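Heads up, the chain below is alone and in the form predicted on its own; it's given as structure tokens.
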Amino acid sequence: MELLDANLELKEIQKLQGHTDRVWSLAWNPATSAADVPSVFASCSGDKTVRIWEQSPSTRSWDCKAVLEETHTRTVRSCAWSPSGKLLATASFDATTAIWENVGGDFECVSTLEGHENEVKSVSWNASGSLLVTCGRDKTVWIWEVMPGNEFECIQVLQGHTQDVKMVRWHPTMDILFSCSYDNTIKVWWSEDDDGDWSCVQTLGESNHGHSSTVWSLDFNAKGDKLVTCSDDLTLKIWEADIPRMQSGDGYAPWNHLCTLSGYHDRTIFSVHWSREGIIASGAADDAVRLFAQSKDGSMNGPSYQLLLKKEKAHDMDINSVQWCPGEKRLLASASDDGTIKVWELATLS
């Protein structure tokens, strides 16, 4: 059945409270999405803490299993699990990124990465877990190599953005790096060979169908051949690249603009996330969550995306992060300035 034809609702499963300030970001642990493992996610906040939430197998409700505190001295802005789910990286306005390891259920800070001049805004692991990337208000992007014994070595500092870098993300299958910024652009970085330097191979800006204001967030579809970006200009944009060409070693294949979703948002879009089955969620400053899906009858100009549903008043204040659970379940978590996290289920109305 077509997603757009289904009668769907976003059903609130649970509202999680505990943070004492705005919740900035969420990250599901990728290793916990298997059928027999309880789902776990992390949240980080202006209250300088990170919370680990786990779903109880018996009651199905979410409980706070750990509070990671007394490490960061300012807002924790971003969190990301390593692909194995064993390490959690947290980026803070105190100019550091902390690496936490789950040791028998207790989280220990095993490494602290320093070097950014001021606020670290985002952190991301590559697909193999061998590289970590951070970005900050200092306009730089740092690539760290993961060494034995929880050591991290900065192998390159990338400079190219002219403003605060809001978010960094690795491509889901290849070592291609993406950064989006207050300078209205998305930059794509890659290295021709394993030992080479990383360089900016493409800038997605207003001159090539890009955004006209701050780019806040980006995400990829399951195959990794499409990219969605969201902005202060109230639009979502979809981009496409020839990933098989790059995987075959035939050089860099550029990302091309496919379509722009406009007219759906009237306040800044802070977060965007693509589910495994192809549903794009957006979280915005109008307190609503919107879901979009590709229309199968695409126009002559390529694919089109339509609004699947809009959840008004999903939170009492700005929604900073929306994240789909990586497993089979249609679960979505959202984080807000109102200090709460909500877990939603995309359910079919009978």
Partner chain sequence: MTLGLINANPVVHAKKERVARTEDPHGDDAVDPLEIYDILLLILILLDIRDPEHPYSLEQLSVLSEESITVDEKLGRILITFTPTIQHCSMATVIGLCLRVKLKECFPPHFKVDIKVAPGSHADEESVNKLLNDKERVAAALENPNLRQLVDECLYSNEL
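Everything numeric here is computed off the predicted structure, so don't read it as measured data. Numbering follows the first chain given and starts at 1.
In what follows, reference is made to the form predicted together with the partner chain, a form of this protein that is not presented.
- Proximity to the partner chain in the model of the complex, defined as a heavy atom within 4.5 Å, holds among Thr214, Gln156, Asn221, Ser111 only for Thr214.
- For the options Phe178, Trp100, Phe270, Trp239, the residue carrying a heavy atom within 4.5 angstroms of the partner chain in the model of the complex is Phe270.
- Remark: of stretches 271-279, 255-263, 159-167, 194-202, the one touching the partner chain in the model of the complex is 159-167 (heavy atom within 4.5 Å).
- Using a 4.5 angstroms threshold between heavy atoms, Arg137 counts as touching the partner chain in the model of the complex.
- By the criterion of a heavy atom within 4.5 Å, Arg22 is counted among the residues contacting the partner chain in the model of the complex.
- Interface membership of Asn320, defined by any non-hydrogen atom within 4.5 Å of the partner chain in the model of the complex, is confirmed.
- Taking the partner from elsewhere, Asp316 is found to have a heavy atom lying within 4.5 Å of the partner chain in the model of the complex.
- For the partner-free chain shown, just Asp337 of 321-342 comes within 4.5 angstroms of the partner chain in the model of the complex, judged by any non-hydrogen atom.
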